[in-house]
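Provided below as structure tokens are two forms of one protein chain, presented individually as structure 1 and structure 2.
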Structure 1
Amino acid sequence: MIVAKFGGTSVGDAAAIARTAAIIRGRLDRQPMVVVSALAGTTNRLIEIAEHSAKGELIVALAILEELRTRHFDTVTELLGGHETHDEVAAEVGAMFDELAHLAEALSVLGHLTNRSHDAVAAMGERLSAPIVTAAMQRAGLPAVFVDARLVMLTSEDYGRAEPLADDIAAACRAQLAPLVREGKVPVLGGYIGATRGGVTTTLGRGGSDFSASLFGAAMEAEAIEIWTDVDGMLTADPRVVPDARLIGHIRFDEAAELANFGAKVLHPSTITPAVKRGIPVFVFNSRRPEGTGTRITFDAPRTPVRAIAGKTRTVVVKIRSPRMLATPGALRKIFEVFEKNRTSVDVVATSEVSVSVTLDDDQHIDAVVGQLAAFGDVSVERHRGIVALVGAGLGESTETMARALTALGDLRLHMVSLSATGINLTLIVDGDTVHEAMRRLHAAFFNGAA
């Protein structure tokens, strides 16, 4: 069997959903299971609803809600108008919008948004899209069956970024999805959302539908995980930043994971882990051009010094300086414990005899982190930095790559440089507003001209 995940733009409107149904029709012999995102842009709008409501701006929140309601109803009418399932699906969609309105009202009374209620609202997008896509597929004659993802994607209670419970998910998939697939049915589930063992709705973090697909793929021991999106596959850089980025036909798991971690949004950073554990190949395809060859992600793509370039613009650098610090046994461990305790993950690390610099993606707990680090030395925080990463499994063996990269950056200011121990990525910390220019310069240096 295979798992096919369709991102927001691949289910963004009735025409996109119809294309998705056609793609699945062409794969029925491979026993597909379908994971869908919310209709493009919906999750952002839902989060706005939650935030406005909690600020007491209920009128604004309800106006956004009505806009979403109309869009979903229009999609249902376009897909199912005149069909026997129309009224039932429309009633279901209506009930979910009523529930959303109640949630918005409750938040405006409370005047406070917790991660838990944030998830209850944010999960609505996939709760809505999955039954709509299921009905559209049924109308197209496919044996699609809606399954509420919250019954199988069991997670921790870390609302906002819940951790999947792999054993529980595997057991639930065996019990609820495997029999459907064996009968020749096509289960359709929402990505991104899950529930605690107690049944409270959670989410896996933004962009998490890719992660859902790979978790389901691992649990179902799928032969392939397909990520259907709005670009031809993984490219040598984000095409929104580097317009002449080109398609990567075959890439290694470790390279894809690094790229995702350093900003290649085409894959959620956690997507690769479950697939690697089971050695399941991951493919990335364009749902607008299903005839394309896409990208294949496996263990065994040939090594190359630079496979692709990624970047992210909102990085915070924390520096801890202390003349005696590194002479003290266990100093680094104690420093990293501070990040761990405050649930803040560190991306890039550089040390000297007297200082440690680290980069963070997420500055949610920065005040607590800085306060606790002060015990070790002088702490400074540099905001508005960015990271550019050059990724390639053969990078560590290439003597000229580093020189070429630094030359290509030219006059752009460099704040930190780090070559990973595995030699798979070279990360460069630059000013946040030069990340895109740095990506373009590096791309031109490594990819222009080469076929």
Structure 2
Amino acid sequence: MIVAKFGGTSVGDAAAIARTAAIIRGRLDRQPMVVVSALAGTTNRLIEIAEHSAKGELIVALAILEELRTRHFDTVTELLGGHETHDEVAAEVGAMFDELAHLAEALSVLGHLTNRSHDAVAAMGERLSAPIVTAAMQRAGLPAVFVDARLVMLTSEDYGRAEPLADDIAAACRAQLAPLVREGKVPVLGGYIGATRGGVTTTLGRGGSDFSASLFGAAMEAEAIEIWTDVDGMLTADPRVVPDARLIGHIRFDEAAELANFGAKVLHPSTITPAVKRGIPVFVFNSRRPEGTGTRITFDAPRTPVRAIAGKTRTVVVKIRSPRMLATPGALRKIFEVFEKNRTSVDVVATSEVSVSVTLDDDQHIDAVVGQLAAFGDVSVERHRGIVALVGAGLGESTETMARALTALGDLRLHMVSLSATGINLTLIVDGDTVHEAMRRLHAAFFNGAA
């Protein structure tokens, strides 16, 4: 069996949902189960509803709610108009929007948005889309069955970024999904959402629909996990930055994970982990061009020095310098405990005998971090930096490739250079406003035949 996950643009409107049904029809012989995101843009609007409500701006929140209600009703009518299931699905959608309105009203009274209530609102997108997609597939003659993901995706109580309970998920899949698949049914579930053992709604964090698909695939021992999106697959660079970026036909798991962590948007970084543990291949396809070959992600792709180039802006560099670090046991451990204590993740690290430099994506707690790091020495913060990463499983074995990369940057200023311990990525810290230019120069050097 396979797990096919369809992102927001792949279920964004009636036409997209019809394409999704056609794709699944062509895969019935592979016993598919389907995971869907909210209709494109819905989750952002739901979060706006929650935030406006908590600020006491109920009229604004309800206006957004009615806009979403109309959009979903229009989609239901376009897909199911004249069919016997239309009234039932419309009533179900209406009931969920009534529930959302009650939540908004409660938040406006409380004047406070907790992580738990945030999840209750944000989860509505997938709670709405999965029954609509199921009904559309049924009308198309597919043996689709809606399954509430909250009965299967069991999680911790860490609202907003809940941790999946793998053993509980596996047991629930065996009990509820496996029998449906064996009967030739197509289970349809919402991604991103789950529930605690006590039944309270949770979410897996943004991008969690991919994670859901991978977790379900691992639990069901799927032969493949397919991620259907609005691009042809993983590319050698972001095409918005590098217009001549090329499709990557085959890529290794570790390379794909590195690219995701360094800014590639096709896959959520956590998507890879459950599949890696089970050795399940992941495919990325374009739902608008299902005939395309897409990208295959496995353990055994050929090793190459540079598979792709990724970049991200708005990076912050923190530097700690102190002669007291020299030959002092435990100095690094104590420094990194500060970041851990303040729930701040570190990306790139460079050290010398008397200094440590790190990069951060999230500077939300930077003032507290800097204040506590001051106990170890002089601390400086450099904003407006960016990261450019060359990723390839054979990169660490090729000194020539690294020299070529530095040469390609020419006159662009470098602040840090780091080769990962596994040799899979070469990370370059540059000025934030030169990230895109650096990516274009490196892509030209490695993919456009430049010597």
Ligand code: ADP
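Structure 1 provides the reference sequence; residues are numbered from 1 along it. C-alpha atoms forming the largest set that superposes within 1.5 Å between two forms make up the rigid core. If you're wondering where the values come from, they're calculated on a predicted model, not measured in any experiment.
Undergrad: Out of structure 1 and structure 2, where do we see the form predicted on its own?
TA: The form predicted on its own is shown as structure 2.
Undergrad: Would you say Gly41 moves its Cα by 2 Å or more between the two structures, aligning on the core?
TA: No, the C-alpha moves less than 2 Å.
Undergrad: Answer yes if the Cα of Gly410 shifts by 2 angstroms or more between the two structures on a rigid-core superposition, and no otherwise.
TA: Yes; that C-alpha moves by at least 2 Å between the two structures.
Undergrad: Take the rigid core as the frame of reference and indicate whether the C-alpha of Leu360 shifts by 2 Å or more between the two structures.
TA: Passes the 2 Å threshold, so yes.
Undergrad: Would you mind giving the Cα movement of Ala374 between the two structures in Å, after fitting on the rigid core?
TA: C-alpha shift for Ala374: 4.4 Å.
Undergrad: By how many angstrom is the CA atom of Ser345 displaced between the two structures after fitting on the core?
TA: Reported C-alpha shift between the two structures: 2.7 Å at Ser345.
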